[in-house]
Ligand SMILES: C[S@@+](CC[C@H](N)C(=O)[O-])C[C@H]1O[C@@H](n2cnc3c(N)ncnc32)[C@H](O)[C@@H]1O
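Single chain ahead, by itself, as structure tokens, in the form predicted alone.
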Amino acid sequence: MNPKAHQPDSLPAPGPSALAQSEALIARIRAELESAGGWLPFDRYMESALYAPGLGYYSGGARKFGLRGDDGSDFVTAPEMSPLFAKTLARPLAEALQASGTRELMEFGAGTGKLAAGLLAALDELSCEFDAYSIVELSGELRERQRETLEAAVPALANKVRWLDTLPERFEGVVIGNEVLDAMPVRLFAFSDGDWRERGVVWRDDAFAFDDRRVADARTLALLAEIETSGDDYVTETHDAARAFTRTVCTMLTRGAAFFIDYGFPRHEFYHAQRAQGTLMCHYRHRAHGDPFVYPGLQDITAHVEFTGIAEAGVEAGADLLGFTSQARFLLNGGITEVLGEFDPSDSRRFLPAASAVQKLLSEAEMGELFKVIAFSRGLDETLTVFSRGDRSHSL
């Protein structure tokens, strides 16, 4: 591989062992490319880059979550930013458990385990009784980090946690997925010369490169035909994997609720004429850029979520759309200001960092508006408090 083909000068260089892992993944993807005739749809490349056993970004051993690039991490999530996120989220989860008469929770992509630890502690404070907390996690390295986090933070409750390799056919309880949908592989499409083409990956000039082919799938063409492009060179994504995942979860859920928190837009905003370059983004050492071929397996590749498709998938699976709103409204309805009020304002050392983190979670300029919460349910007769005001289901 040409070592300079996809290495922006603004990014720090990985160490020798990390580079060796990336080169092994490159060889694996090249072999798949050859078997497929020299062209792979982008979602297959993205799936390998993120999830190839032992080599992909989420299945390998590199650190991912943290506050700064110099700690070896690539990005920060809400649970890492503030424990008040988990403490507030626990309230609607407890309400959903009670309303559905269920006693289990399941989290997808639990990261470092901070969200799970915070939820376990907060549910205990709320005197919410439950039997088990299951975590679905592909990364062996993250499983160990989660185990260590839970044993250190909530040793008395860690015995309620179990890790799953496969999903059960049926589940009664509450499902949580924080920043899971955005990590699902996406298909890329480009509009040029009056025609839609699917953007795939080839090996050219000793490096991965994009290559576009005519779209043959009628269902996809029907969706793309509805998009008002701003002219040639319009690029966008479809979220087949995220929709399939949502259908699977909502089929599995026989009673209870499922909450997904992520950044994105309803369909009419996602496929906007001015969003001409799509939403695909990569993260490496807290630097964002748009080249998915940089350090395969060592950087995160993500895309904003098209929530209308997610809503359709859940409803198609037989679940009810419980609600859809911004993260700010969800947290405010959930009582985050009351949770912050437990801090003494005169204790500036503790109060000011907590208030600053809450501001980032709620601010329209930070996470408050870009991030949304969508929820599905079965067996709940009424909505939850967090969706009683500001529900945007009508916008989907």
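Not measured: the values here are computed from a predicted model. So that there is no doubt, residue numbering starts at 1 and follows the sequence shown.
Form predicted together with the ligand: not shown, discussed below.
Whether residue 198 contacts the ligand in the predicted complex should be assessed with a 4.5 Å heavy atom distance threshold; does it? Residue 198: no contact with the ligand in the predicted complex.
Does any part of residue 79 reach within 4.5 Å of the ligand in the predicted complex? Heavy atoms only, please. Yes, residue 79 sits close enough to the ligand in the predicted complex that at least one of its heavy atoms falls within 4.5 Å.
Evaluate residue 245 for contact with the ligand in the predicted complex, applying a 4.5 angstroms cut-off between non-hydrogen atoms, and reply yes or no. Residue 245: contacts the ligand in the predicted complex.
According to a 4.5 angstroms non-hydrogen atom cut-off, is residue 137 in contact with the ligand in the predicted complex? Residue 137: yes, in contact with the ligand in the predicted complex.
Between 108, 284, 189, 271, only one gets a heavy atom within 4.5 angstroms of the ligand in the predicted complex; which residue is that? Here the answer is residue option 108.
Candidate from 294, 184, 120, 99 lying within 4.5 Å of the ligand in the predicted complex - any heavy atom: Going through each option in turn, the one that passes is 184.
Considering the ligand in the predicted complex, find the one stretch among 275-283, 173-181, 251-259, 199-207 with heavy atoms no farther than 4.5 Å from it. Selected range: 173-181.
Candidate site 51, 58 and 142: all three near the ligand in the predicted complex by heavy atom within 4.5 Å: Every listed residue reaches the ligand in the predicted complex, so yes.
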